[in-house]
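Next comes just one chain, in structure tokens: the form predicted on its own.
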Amino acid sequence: MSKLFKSPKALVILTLALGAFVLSVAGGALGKEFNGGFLGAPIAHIQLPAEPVFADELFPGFKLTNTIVATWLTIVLVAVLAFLATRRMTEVPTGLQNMFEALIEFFSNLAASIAGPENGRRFLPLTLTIFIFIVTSNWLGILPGFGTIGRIETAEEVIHHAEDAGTDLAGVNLQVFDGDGAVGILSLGSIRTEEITAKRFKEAEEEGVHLVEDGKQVGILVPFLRSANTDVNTTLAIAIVAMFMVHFWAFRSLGIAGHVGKFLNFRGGPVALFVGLLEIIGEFARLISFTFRLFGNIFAGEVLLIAMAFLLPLIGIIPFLGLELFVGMIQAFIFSILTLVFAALASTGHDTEHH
């Protein structure tokens, strides 16, 4: 410890780190109570369902949600990267081509080791596509602009939705935005802006009292972009595609009788039939597990980042950004590898497995 204090570099680093920590605390939610909060933003509105980007329906029966927009953005980004990587291919790969070739080679070898050379080549396109899509959408979700830029949902809309859902208006906080535009931003220092509960706003409106001055409006921010995998519909869709292809490959390898016989085995007696019924339940369990493992991890990570940005802006969020990059990649890898393993198992008959 004495050597640490004798080193000028160590002292400078320690002083800068301590200063950054104090600045972060003073600029966040705690500092707001002491007239600080110059770096923080209000805690973003968090809800499980995806929010519509526009208040009105895009066409009858369909509202464009922020997770759909993020999904389309992910697809476009992956397509552009793939185009750039293959536009000018060379025998000695560099740049994006080198990255994509290394990724394909890694998954190709992994698929061959798990499912065999022939089945590995058959399963590779789907498993690799799942990995690339999930990891790209997960990493996009931590970029600036996700969750902080969006349309302002008016106080009347918020109160109407809360009452329809049976939510206590006293627990719904409304933020005061400058201007009367439809687009809002949760910028640095905006944590110091005034907040009003929906209950108080409704009571004031009924009494004819205006709580905000002219040139300002009350509502909440509905972000234009939200990570695609924080929507359970997205993760369910990927899981359905994965499990559909698993059973498609199984029918192709074993035939209809061979694959169905795994689940409805009348020749093996009551025990075999009962085991087959358990395997049917297991297939649905896999679908549910696929869906909620990915959704739960990514949604929880987004909530964690929002909370840390609220409490400790500037430095508090940095280690958790690195954690989310790691978790986003691991969850994509788990999803794709489990798809590969399930496909390999489903394409193998019971007799072959026993052997």
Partner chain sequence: MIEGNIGDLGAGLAIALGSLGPGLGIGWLASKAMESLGRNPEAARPIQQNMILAIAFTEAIAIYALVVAIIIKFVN
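Residue numbers count along the first chain shown, from 1. Not measured: the values here are computed from a predicted model.
Just so you know, the form predicted together with the partner chain exists too; it's not on screen, but the next bit is about it.
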> If you check in the model of the complex, do L110, S289 and F299 all have a non-hydrogen atom within 4.5 Å of the partner chain?
Replying inline: yes
>> Going by heavy atom distances of 4.5 angstroms or less, which of F83, F106, F244, F266 would be at the interface with the partner chain in the model of the complex?
In response: F106
> Ok, A170, V209, A165, I280: which has a heavy atom sitting within 4.5 Å of the partner chain in the model of the complex?
Replying inline: A165
> Which one of these stretches, 289-297, 51-59, 312-320, 64-72, sits within 4.5 Å of the partner chain in the model of the complex when only heavy atoms are counted?
Replying inline: 289-297
> Looking in the model of the complex, any heavy atom of Q331 within 4.5 Å of the partner chain?
Replying inline: yes
> Might A344 be said to contact the partner chain in the model of the complex, defining contact as any heavy atom within 4.5 Å?
Replying inline: no
> Closest heavy atom of L23 to the partner chain in the model of the complex, within 4.5 Å or not?
Replying inline: no
